[in-house]
Structures are given as C-alpha cells and as structure tokens.
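Shown below, as structure tokens, is a lone chain in the form predicted alone; questions about how it binds or moves come after it.
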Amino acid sequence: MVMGATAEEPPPDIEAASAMADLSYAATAPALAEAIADADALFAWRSVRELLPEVWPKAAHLRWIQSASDGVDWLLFPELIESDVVVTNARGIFDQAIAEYVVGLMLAFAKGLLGVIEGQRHREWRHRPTELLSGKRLLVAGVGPIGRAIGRAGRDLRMEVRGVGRRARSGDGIFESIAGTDGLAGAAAWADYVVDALPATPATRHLFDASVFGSMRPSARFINVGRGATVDEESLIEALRERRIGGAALDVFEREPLPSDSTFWELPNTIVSPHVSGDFEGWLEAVVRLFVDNLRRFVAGQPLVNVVDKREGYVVEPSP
C-alpha cells in the first residue's frame, strides 16, 4: 500500500504511519501527480487545495482521503464528490479550542477590552462599568460538536443558550431549543451574541444575509468561527458601518488571507483574526494521531471514523 501526504514538509509524528504504509510527500502539482498515481490513501493538508483537481485523472487507485481540517469545503470538487473515494475529516480535534476562542471574543466585547487597549495606547484613564455574560442570550448556528462545545461553554458562564440546525427540534442538555435554518432570522432577533459555527455547503452559502443582520438587536454581537462563505459579507459590512448591530468578531472570510484593502480591517467595533480559532498548540500532532488511527482501520478493513457525506459537506449524525 502507498500513501501520499500533501505537505511542505512531513507532518509531526507521521513516522507512526510508516510501519503501515509507504509514505511519499508532495507540495507541487508534479510531485503530487507522481505520488498519487500509486496511492491508495491521501492525507490532505491545505496545500492540496489547488493541486488535487489538476492531478485527479491520475488517482486511479485512490480509495480514501483524510482531511487535516474539520471543514472540507476547500477539498471537495465535483469529480471527487461523484467518486467512490471516502473522505474523512478532523472532527473532534478543534472543538474545545474554538469554544475557548469564542468565550474570549465574547469577553472582549462584554468587558470593553478594545476600548481598554485603545485607552492604554493613549495613556487615558477612563473608568466605565462592564457587561456580564451571565444572563446574556447566546445563539449558536451549527449544532455539531464545535457548536455544542460553544454552547456548553456559554452554559458554564450561565448564559441562555439556543441553537440553529438543519431542522427544528426540541432542546437538550446544552441548547434550550434548536430552530431550523429557515428560522435563523427569528432566532437571531432573540440573541445578544450570535455565533456562526456552520460549515460551508451549498445549503449554508450566505445564510447570514441582510434579513438576519436586520433582525438582530442593535446591541447584539456577531461572531464567525465557521466559514466565510456562510456570510453575505456586503450585508455584514453595511450593518457594521451603519452600527445596526453592536459589533462583530470574524476569524474566517470568503477570501483568505484577508486582503490588506478589505473594509473589515477598519470597521467600527470589529475584531479581525487570521483563521486561528482552532489552532491550539499541539493541533498538528493531534490531527496526525487521528490519521494514524484511521490508517490502522483502513489497513485492517475496518470502518473509518469521521466519514464525510460528500454531498452534504460534513459528517452527518444518524437521525435520533
């Protein structure tokens, strides 16, 4: 069996896979075309985004692709979706890190830390009361593992927590209730903090549009740790520029890296971060451990974990 791993250099601790597979590495189209010709499996890092469609006709033996990220929108393309190749993702690796990042962003808003830092820069001593997160209303769009970790963190802070999923259903131990995506605008009107933890799929594209931002409270804050494609960015820019919502913290964008001339850099009460919410120290090693575990299953002919529904674009839970 031959396995190809697309990376600028070998991922950390990947040696554990060498006892089960012949490893090759590729970070250019020619190198990947050569490696994938005999590969049964592919460990795909971000560098494969533009390369895989180009070399796909040579992937005659490929049966499995492991994504190094939770979201796989960057990886899927029509020929792969239509093929029999199984795709698995890094579901479960980034949940806690992203939840903690969201808490940090909510605290930054509630405690006025942007103003505190600005005042320090100008040597200004400005006393003012801050908000409590306790008792505030948190809406999480996307109720998979990442969304549930965010909701759990909100409940730990004694916030009221609701969710938005593919379909409306009763609540559970984390979410008081779960609205369907067709009820997103109404659900957003309830919240003090609206967190986007949605994957990028055809069904979620620009789901956060003018109607959703128009429904939000003027004091409400919007946080996106899902995918940039889920947001109509022009509508968000307009809502922020006209101060129709209280602020936004954005870790993901439709175009990344965010161009230096993007309006987002200078919008009022807006935090911009470079897609780092899940990147905790040790995440590379954690993803490799997941891959090695799946590789053992693959070699033994056992079911893989985190199998993605390629048409839906994420791991689909069985209906209760």
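For every residue, the number given is its place in the sequence shown, counted from 1. Keep in mind it's a predicted model, so treat the numbers as computed, not measured.
The following text describes the form predicted in complex with another copy of the chain, which does not appear among the structures shown.
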property	result
Which of 206-214, 109-117, 183-191, 234-242 sits within 4.5 Å of another copy of the chain in the model of the complex, heavy atom basis	109-117
Any non-hydrogen atom of residue 285 within 4.5 angstroms of another copy of the chain in the model of the complex	no
Partner proximity in the model of the complex: residue 83 to another copy of the chain, non-hydrogen atom cutoff 4.5 Å	no
Interface membership of residue 60, another copy of the chain in the model of the complex, 4.5 Å heavy atom rule	no
4.5 Å heavy atom contact, residue 67 and another copy of the chain in the model of the complex	no
Another copy of the chain in the model of the complex - contacting residues of 113-138, heavy atom within 4.5 Å	113, 114, 116, 117, 119, 120, 121, 123, 124, 125, 126, 127, 128, 129, 130, 131, 132, 133, 134
